[in-house]
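What follows is one chain in structure tokens, specifically the form predicted on its own.
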């Protein structure tokens, strides 16, 4: 009977002796209850207060688990009417595919980053003033003094071993991805990861789904590499899988940013995630998941990765240190299915390696010693504040020219144009004035009447910094 809670609290009670955090155990218990049918679409679940009391947990612990379940689409919050299992889950194939894998216990990770001058509104550059330079410098000296002899020889083309192990441990804890170091490949930036996927699994001329709008630099790289891309629209639930099937049913791959879509900031809903995975299973297609800005979510905890739902080994997961540490590192990583690890290992022997072991060893130490996770914890509230600086300054702009798109995370703002001015022309004018604004239209494959401006905010240290940049942008719009 819909409307009642079927999950026995005894089955939900976490085990304090397990390595996984209590909130994550509770989150998984609910996933298992939904997958097994003990909780059905439309069933009401206990309130945070009552469940916390029944299980003897802190309300904040239950709240975190519920936020994750709501954020991923398992639960729907209905205010005074309570929280229910999403009715939409009943419209999809076996929900058991939605069970996340159990990440292996391991040490938590940590970040870092140096520096580089950033123009006002520049995208993709983290808060350079907030980077822990003293810690990084101290680690650099220690790494130079203690670097193993093996690291001074020819580098492993798959990446420095301790870094690959640190990445695997971090992803298991923070992103719900169960993988081994053998599945992790360190690359020279995100494009290095795309090149490794292309050379290992794809052929020139293969057709792939591409988010529209989508990450412009990945699109440019793939097109120049000879891939054919079919634009698939993005709406408030992310990539429209149904339209992708209609427009390019024979595609062999899809490139997606499911946790924080680039550039709109929306999250791919759980029904769409399951639909995408089912398409890849049926077509034997590959999904390249770019976990873009996933660490910087301001409402609740970061959403688990699409890879954590992958039961058929069709997802290739990519991440980068450029936005969490600093772009000058030029380090990214690719996690491949266990069944494909040997094939990728063979391919990296014939491609350029990720470079010197020294910066990789520094990042590994940074993660293993806990600086990475501490840095991320500091940056989330900092970015929420700096986003507020820019959003407030834009809201005070007279004339009603821009509407700031709501989004739960990331380090840039999408402001929709409410006038008939062309976003490309405005962006070019702003760039000529030293403002690194980008036009939403440049990130589209198909033309659209919905113009917008993309603006980074990570390096606005004060509200006045943001206000001064907005005044300069306002002058550009007035000249428009």
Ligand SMILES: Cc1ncc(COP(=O)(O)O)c(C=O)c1O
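Numbering follows the first chain given and starts at 1. All of these numbers come straight from a predicted model, not from anything done at the bench.
What comes next is about the form predicted in complex with the ligand, which is not displayed.
> Give a yes/no on whether residue 320 approaches the ligand to within 4.5 Å in the predicted complex, heavy atoms considered.
Within the cut-off, so yes.
> How about residue 170: is it within 4.5 Å of the ligand in the predicted complex, going by heavy atoms?
Contact check for residue 170: no, nothing within 4.5 Å of the ligand in the predicted complex.
> Can residue 124 be called a contact residue for the ligand in the predicted complex at 4.5 Å between heavy atoms?
Yes, residue 124 lies within 4.5 Å of the ligand in the predicted complex.
> Looking at the partner-bound form in the predicted complex, is residue 183 within 4.5 Å of the ligand by any heavy atom?
No, no contact at 4.5 Å.
> Considering non-hydrogen atoms and a 4.5 Å limit, which listed residue (344, 74, 190, 131) is close to the ligand in the predicted complex?
The option sitting close enough to the partner is 190.
> Only one of 383, 279, 215, 136 gets a heavy atom within 4.5 Å of the ligand in the predicted complex. Which one?
Flagged contact: 215.
> Which one, 268-276, 355-363, 395-403, 320-328, holds residues whose non-hydrogen atoms are within 4.5 Å of the ligand in the predicted complex?
Heavy atoms within 4.5 Å of the ligand in the predicted complex occur in 320-328.
> Taking heavy atoms and a 4.5 Å limit, what residues of 406-420 are near the ligand in the predicted complex?
None of them.
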